[in-house]
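Shown here is one chain on its own, the form predicted alone, set out as structure tokens.
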């Protein structure tokens, strides 16, 4: 049975889109049929991240009933499927995010796992994506402003009768000023699915217009995303066997 997972955050800039793309890529790495939908209609970035900034048919066409959902699906070289949204300013006035939940069953026909990258915050767009979810994963950083906004999001989800499946903590530098995973878990009262270390390979992957799971498969962030995907899919994955060998490091140096 297909499942819709919405990736959301209390604030922008925490790595939500990077997480949506790389979690989808990691699930696809384990052989799953995955579709990533750009539900952030105001500031869509999924297509930009995966070298498809402008496509003939996108989510906006689907929401405005000008196209069927399957017509807006594009397949990446890796096998990961995406449904981008329009970058056009004119389309902003026409967007109808509330139609997302009406398309829930149609989306489920397009893959085993449907990952929706929602808008950040608690506005109409974000709520529309949340209403579509079977499960919700919250992305945050290990700092007080991000955690505070994440807590607001959780309170809203409780009012909506939606449960948070887990939290992914991104941009982790492991310094003394950061909150530990245990503190994040206690404050948000939600399980921490994993932590993604800060690494320049995320920016390198963006410049290459690809998921870092593809461009830097043995990097710490890529292995962290694979660990989270394996946990969600309940499959075995030993990240230590996927790490760079000392000889590979030596010759790269």
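Everything quoted here is computed from the prediction, not taken from an experiment. Positions refer to the first chain, counted from 1.
This protein has a second form, the form predicted together with a small molecule, left out of what is shown; the following refers to that one.
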Q. Is the small molecule in the predicted complex near all of 44, 51 and 214, within 4.5 Å of a heavy atom of each?
A. no
Q: Just one of 183-191, 26-34, 203-211, 56-64 has residues with a heavy atom within 4.5 Å of the small molecule in the predicted complex, so point it out.
A: 203-211
Q: Report whether the minimum heavy atom distance between residue 244 and the small molecule in the predicted complex is within 4.5 Å.
A: no
Q.
Taking any heavy atom pair closer than or equal to 4.5 Å as contact, tell me whether residue 198 reaches the small molecule in the predicted complex.
A. yes
Q. Would residue 81 count as a contact of the small molecule in the predicted complex, using a 4.5 angstroms cut-off between non-hydrogen atoms?
A. no
(Q) Contact with the small molecule in the predicted complex for residue 229, defined as at least one heavy atom pair within 4.5 Å: yes or no? (A) no
